[in-house]
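Just one chain follows, in the form predicted on its own, and it is written as C-alpha cells.
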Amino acid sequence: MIDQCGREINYMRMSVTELCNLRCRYCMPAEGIVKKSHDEMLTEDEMIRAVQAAASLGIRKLRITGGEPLIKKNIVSICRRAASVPGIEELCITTNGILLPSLAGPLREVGVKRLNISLDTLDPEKYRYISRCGELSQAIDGIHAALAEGFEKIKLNAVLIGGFNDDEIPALAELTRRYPLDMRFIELMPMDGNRDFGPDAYIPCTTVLDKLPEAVSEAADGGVARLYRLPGALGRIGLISPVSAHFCAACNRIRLTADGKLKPCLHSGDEYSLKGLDDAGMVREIERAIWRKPSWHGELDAANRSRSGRNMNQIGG
C-alpha cells in the first residue's frame, strides 16, 4: 500500500510481548513494567489475523519483536503460522539472544530467515551495567547457536552511546572479519523512559567512521542502514541514524504493539487499535494508519524527546 507521501509500506514489526528477561537502560525501567492482563493483549490468533490483514495490503516483510520475543511460550507456533501467511516473504526476529541456544533450531525450522541480535558491548561488566541483569556469555552463546543453524542473515545491533561503548567500535566491528554477520551501530534515540543518559550520550553514527578509517562504502541493500565493509571482512558494518540524519522519506514500516495498537511511526503518539476487530475491521484500520503515516518524526535530540508515549519495550525494538 502507498501512503499519502508516496512511500510503499511493505514492512511490519510485530511485538509479541512487552516483557523481557533483561532491563536494558535505553529500553525499559529498572523495575520492569506493570504487567497487563491477558485480555488487554493480542492473542496468538489475533496476531496471525493482523498479519493476514497486513499482508493483504502489501506487507511482505514481518519482524517479530518484544520486549524479548523468545520468552513467549508460544513463540515457535506464532512464527510457524506467520511464516505460512500468503504474501509474507521474509520472517525475521529481533532478540537479545540469550534463549537462542535452545530456540535457534526450532525457529529456523518453522521459517524464520533472519535474526537481529542485540550486542552493545564485549565487556562483561559493561554488559551487566547496560542490561542491569544480563551475562555477556549467554548472549555470545546465543550468537554462536544462531551461526550454527545457518540463518540467511544474522545482524548484531549495538546502540551507540557516547561515554559507554564508543571506545569499543573497532572491537565490535572486528566481529565482521571473524564471522559471516553484519555489525550495525544504531544511534541512541531520546525515548521518554531512558533518562539515564545525558546529552553527551547522543553521538552520531559518523563517529564509527572516524574510528574505522579503513571502512569502504558499499551499495545500499534496500534497508535504512548505510553500509560499509572492512578489508577482508566476511560481513558488513551498518550505520543507522534516526537522530542525526533521519530516513523518514524512505521509511517503509509500521509497528504493531503487543496490546494491539498499530503505530504508523515509532516516534508519534498516534495509535490505531486492532484489538477486538474482525478481519475486515483490521484491514480498514491498517489502511487508515498507513494513509496517515507522518511525513517525518520531528526533531529528535537530547532536548527534543520522542513523542511515542511508550518505552521501547512497549513498542517493539
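Here the structure is a predicted model, which is why all the values come from computation and not from measurement. One-based numbering along the sequence shown.
In what follows, reference is made to the form predicted together with a small molecule, a form of this protein that is not presented.
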> Is the small molecule close enough to Ser118, Asn157 and Glu187 in the predicted bound form that each of the three has a heavy atom within 4.5 Å of it?
Replying inline: yes
>> Can you pick out, from Cys27, Leu256, Ala54, Ala289, the residue that has a heavy atom within 4.5 Å of the small molecule in the predicted bound form?
In response: Cys27
> Considering Val208, Met191, Ile237, Val112, which brings a non-hydrogen atom within 4.5 Å of the small molecule in the predicted bound form?
Replying inline: Met191
>> Within 4.5 Å, heavy atoms only: does Ser241 come near the small molecule in the predicted bound form?
In response: no
>> in the predicted bound form, is there a heavy atom of the small molecule that lies within 4.5 Å of any heavy atom of Asn165, even though the partner is absent here?
In response: no
>> Quick check on Thr94: any heavy atom within 4.5 Å of the small molecule in the predicted bound form?
In response: yes
>> Given the stretches 223-231, 172-180, 68-76, 208-216, which is the single one in contact with the small molecule in the predicted bound form, using a heavy atom cutoff of 4.5 Å?
In response: 68-76
